[in-house]
Ligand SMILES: NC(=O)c1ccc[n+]([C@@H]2O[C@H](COP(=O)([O-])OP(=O)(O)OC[C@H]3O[C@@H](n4cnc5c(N)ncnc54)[C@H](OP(=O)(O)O)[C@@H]3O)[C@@H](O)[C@H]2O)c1
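First, one chain by itself in structure tokens, the form predicted on its own.
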């Protein structure tokens, strides 16, 4: 069982659900997010339910990577250590089929990739030193192939997948676990109004499955597991066929 955790991107969706479930299990959890009011409210809710001060809120925008080193050290002191870090922050702005917008592309890459690097590098450094710990990156089934709908988002998740694999190859020998979580469609603010959703699950269910994978130290976890077959099929479609699919 995890005793000390950081959730980056804890204000809503999967991140908030993870924080609640960890708090219910008695874990001291740091909630990190840009929306300070929301994580303060969530921390109060967790502490009321747990009947002890387990959750702490830290307002931080992952675009501000220069803050991460100091904030990471502050958090680990405040919560008494670190067993688990989850990078759940992410953005996916709407992109029109004929839109090529470098501002949106840069935002996606800065939040989904650069932000992850900043936080997870710090965790890797600490975990390598203490020779234990679990790192979880929330990726997506979208990172398995270059889809037409949002090129930058797919690229960001593919980059995150490769980064996490590289990190695992670097620090597994020190007893550190690195888990890539690849959810399918999850009912969150990010997916609201999107067409063609199927096998939709709640953020709570996604969080349950992610924590289960983290406890087992699974290298790659499709959330839920049936997406593994979809990912396998998609990866092996020849390019000329995949190009014609409206996905």
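Being a predicted model, the structure only gives us computed values, none of them experimental. Residue numbers count along the first chain shown, from 1.
Quick note: we don't show the form predicted in complex with the ligand, though the next part is all about it.
In the predicted bound form, the ligand lies farther than 4.5 Å from every heavy atom of residue 44. At the 4.5 Å threshold, heavy atoms of residue 127 stay clear of the ligand in the predicted bound form, well away from it. Contact between residue 135 and the ligand in the predicted bound form is not found at the 4.5 Å heavy atom cutoff. In the predicted bound form, at least one heavy atom of residue 61 sits within 4.5 Å of a heavy atom of the ligand. With the partner left out here, the ligand still marks one of 49-57, 66-74, 178-186, 23-31 in the predicted bound form; by a 4.5 Å heavy atom cut-off that stretch is 178-186. Between the options 158, 91, 152, 164, the residue in contact with the ligand in the predicted bound form by a heavy atom within 4.5 angstroms is 91.
For the options 216, 205, 219, 35, the residue carrying a heavy atom within 4.5 angstroms of the ligand in the predicted bound form is 35.
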